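Quick heads-up: it's one chain on its own, the form predicted on its own, in structure tokens.
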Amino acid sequence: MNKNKLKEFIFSLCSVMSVSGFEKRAEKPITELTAGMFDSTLTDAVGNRIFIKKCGKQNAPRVLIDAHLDEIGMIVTEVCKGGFLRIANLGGIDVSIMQAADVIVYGEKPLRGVIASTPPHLKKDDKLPAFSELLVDTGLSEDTLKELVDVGTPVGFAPIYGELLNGRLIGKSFDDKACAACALLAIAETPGEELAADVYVMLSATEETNRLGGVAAGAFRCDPDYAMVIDVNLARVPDTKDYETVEMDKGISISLSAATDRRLSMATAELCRRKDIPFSLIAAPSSTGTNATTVNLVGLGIPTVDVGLPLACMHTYNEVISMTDAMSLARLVREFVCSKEIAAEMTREEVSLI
């Protein structure tokens, strides 16, 4: 895979607005971005977007690759006097990063805005404002805003992207659309005859705001024999503990958890070893904190492996990933869906109950 092509695809997909609960608004731009890449696509009632690529084999097994589509954001709760918008949190944003943040209000037409910030010269104390006290300034009057913006309008961080040194990318909503981009491009560029199974790539809805997420409905519909859930993982930074984080530029992570399938997890680790894909094993005792926990229990049970892409500055407008790790993830997805050994081992067998 071409590194520059993957980088540009990551930027393009992540710039699409998909604030949690508003994923259906992303349908048209994502359709345009992925035109001709898959055999077929569908969108279900909860906003999951599913891309299908067939291997051409009769009675082929099915494999699901899930990366959630929704991103953290905000929702308008009030149009205030003076031409400001009051907002609420969608998806777990730390209020400490919000003042002076650059945002887009997705009303009648997209409006550039900034979170109003009190100058330090006028602050009476160092306390952070509550999220309900934050106001978006668009520069418009109250009357004009009421014509363009309704209560319930989504607000997202501005899609501004760039690069640091050493192949690091910065921007909003790499959680989790950077993982989705890696999966989509890796499978789109894999010839169908090389696939070991029919592949269903799901960009699932509402992971950031719903414990079960839209992935439950989507996984039930796809009914795969086995699955890989891909999400970002907490990258190591100076003020974190090693056992709680993963190191950037060292590849992807594979969770060992009571909430996932150990056989598939170890088979994926062995695949990484055979194909020289850098990875680390991490312990996630009772929950991975991702869609893997849900997928594993859908229907009659779906053997699931949880794979992570290291990400720094999580749940901010300047998340950071490594292109080295993104390339490793794309390689793993390709090898995973092409692995005849994994497909043979994980294909369900009917069990007669006497």
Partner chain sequence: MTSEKLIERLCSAFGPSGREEAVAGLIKKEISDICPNAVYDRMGNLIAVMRFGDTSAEKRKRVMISAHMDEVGFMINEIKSNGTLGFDTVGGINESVMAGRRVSVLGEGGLMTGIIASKAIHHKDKKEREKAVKTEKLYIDIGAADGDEAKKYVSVGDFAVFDSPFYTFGEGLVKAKALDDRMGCAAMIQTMRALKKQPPEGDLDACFCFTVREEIGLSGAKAAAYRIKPDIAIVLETTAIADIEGVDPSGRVADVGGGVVVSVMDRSTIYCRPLVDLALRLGKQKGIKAQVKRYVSGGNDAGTIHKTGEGVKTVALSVPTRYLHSPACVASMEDYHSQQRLCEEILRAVCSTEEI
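Treat the numbers as computed from the prediction; the structure is a model and nothing was measured. Positions refer to the first chain, counted from 1.
The protein also exists as the form predicted in complex with the partner chain; that form is not presented, and the subsequent description refers to it.
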{"property": "Non-hydrogen atom within 4.5 Å of the partner chain in the predicted complex for each of 191, 225 and 271", "result": "no"}
{"property": "Segment assignment from 216-224, 263-271, 126-134, 183-191: heavy atom within 4.5 Å of the partner chain in the predicted complex", "result": "126-134"}
{"property": "The unique member of 88, 281, 164, 151 whose heavy atoms fall within 4.5 Å of the partner chain in the predicted complex", "result": "164"}
{"property": "Proximity of residue 138 to the partner chain in the predicted complex, heavy atoms at 4.5 Å", "result": "yes"}
{"property": "Proximity of residue 41 to the partner chain in the predicted complex, heavy atoms at 4.5 Å", "result": "no"}
{"property": "4.5 Å heavy atom contact, residue 317 and the partner chain in the predicted complex", "result": "yes"}
{"property": "4.5 Å heavy atom contact, residue 146 to the partner chain in the predicted complex", "result": "no"}
{"property": "Contacts with the partner chain in the predicted complex - residues in 55-86 whose heavy atoms fall within 4.5 Å", "result": "80, 81, 84, 86"}
